[in-house]
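Consider the single chain below, provided in structure tokens and representing the form predicted alone.
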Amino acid sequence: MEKKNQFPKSRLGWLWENMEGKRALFIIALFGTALYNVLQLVVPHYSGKLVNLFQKVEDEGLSLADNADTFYRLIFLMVGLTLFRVIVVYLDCMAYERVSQGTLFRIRNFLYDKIQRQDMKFYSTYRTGDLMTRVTGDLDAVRHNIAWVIRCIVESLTLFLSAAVYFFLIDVKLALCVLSISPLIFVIVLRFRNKVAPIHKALREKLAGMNTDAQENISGNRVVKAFAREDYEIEHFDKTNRDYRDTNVTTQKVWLKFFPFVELIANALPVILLLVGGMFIIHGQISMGDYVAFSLLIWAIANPMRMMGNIMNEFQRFSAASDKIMEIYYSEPEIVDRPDALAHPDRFDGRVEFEHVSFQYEDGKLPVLKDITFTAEPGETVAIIGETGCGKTSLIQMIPRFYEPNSGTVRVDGVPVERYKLQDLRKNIGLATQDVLLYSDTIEGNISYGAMALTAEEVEKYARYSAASDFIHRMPEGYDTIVGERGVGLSGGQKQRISLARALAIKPSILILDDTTSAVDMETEKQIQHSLRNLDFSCTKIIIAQRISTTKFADKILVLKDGRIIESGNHKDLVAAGGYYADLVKLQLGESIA
């Protein structure tokens, strides 16, 4: 309940917002629900009329044939209105389903769009399995709330109230006797709600945890098999699954504690009717037909009582799920276009400047980058080298604004990157990382991912630039070969080369390579370096590397240590300086070669 106030709208207000285009149909469906439940009175009402008719015939010694018209009219009305009710029920259920599916479709699309536009902080905060739970299981709880829970609430209230009104119209005293114990149900349901609400939130977290475990282990199946940890992972998932099951059982047990009391009250209604109604008939206070109408309609009071627990249970499930969905629905990325952002549809020159840039992750205790200052001129190649964890990857993530510096300025073509529209900035930056993600698509589709209008000849050209064309031609269907999920079926070096081709295919003004050739052999790396020096378009290249063979041809080399630039210059100058870089050259190439 506390979370509800954190959102701009209540849960039901949020649902109503997303019913846009289907609100009229939903209101009609609600009226339809009320109508077909009022029509539940038809059979008891006309059954009572028929009993009174037979009793009248018997008491007055009349012939049933003399009352045939009345008899057939009552039968016709009973059957006709019952058939009409069946039609209303069918159309009403279809309307609810149409509204719920339409609302679900709208919310799911909005959530996917929202997730796509989030920044890196969002993805480091939310687990993949948790996000998948929100757009699948949680959304199904929302659909179920529209198609079933709300309908059942209206159905139960309408049925109870219409039956109660009908009872009072027949006989006030008998109605009061029968309905006198019904308020106890609401007391029981209220207590049930207070106990089950926190359990549903815990249940939802258990499901998200189980989905996360499954997602991580399926996507990381190679690691599991490499370390022969199948039994361990099965046992771990079994524990998570058992925990989810136990929480589910606990949820059901809460209702089972209250269910006997609800059943006791519901089953007491016919007994009260039998005792009190029998006395009223004996004393001639009601007719046999009225008693039959009461007895045939007593379920309309008892059933809503029984349903209240299930309705409350499902509504609490919806409440827990909707809180999680609305958390994403109303979330906003921190890195967005400024109101006065500059449009730059044309190609950048590619000048990159860092001016006294410092950076620290929000959950980090120490700064990652400290007072970084350097300039990459258009067309230059700048190599960044340093020990693991010195801040190399964090540095390059400032350029496309994946993260923003705590202090200092990053500029492209003399303009701070935060002044550009994100789309214009990022479409001019080609990025290839060491950890490659390839989609379940053809090789051609993966290479042309950022430039869908590429011709087959252009795709092959960029594959040649990345030294990927030879192994692609050896694939069963060449460029039309389907790559498995995350590039399964390709070696690490092959995936890196496809990733590099994908980055080159957009003809970027700035090309960022994060240790992209770490998994390729020296000969292939030599081909790639030659291609990068002879591209048919101007491109500033910023390369993170660990190999001296990659950095030695760079126009400028930056050596990072503990988040600071400790050396800067070209290969020759840094070797002559005899510092960290020179030691690294001796280690990799040998002192005589250096």
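All residue numbers are counted from 1 along the displayed sequence. As the structure is a prediction and not an experimental result, all values here were calculated from the model.
The discussion below concerns the form predicted in complex with ligand GTP, not included here.
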item	value
Within 4.5 Å of ligand GTP in the predicted complex, all of N267, L275 and W299 (non-hydrogen atom)	no
Contact flag, V410 vs ligand GTP in the predicted complex, heavy atom cut 4.5 Å	no
Contact test in the predicted complex: Q546 vs ligand GTP, heavy atoms, 4.5 Å	yes
Contact label in the predicted complex: G391 to ligand GTP, heavy atom within 4.5 Å	yes
is_contact(V368, ligand GTP) in the predicted complex, heavy atom dist at most 4.5 Å	yes
Answer option from D243, E387, E404, E205, heavy atom within 4.5 Å of ligand GTP in the predicted complex	E387
Interface residue in the predicted complex among D340, D363, E332, D238, criterion: non-hydrogen atom within 4.5 angstroms of ligand GTP	D363
Candidate stretches 243-251, 228-236, 392-400, 103-111 - the one whose heavy atoms come within 4.5 Å of ligand GTP in the predicted complex	392-400
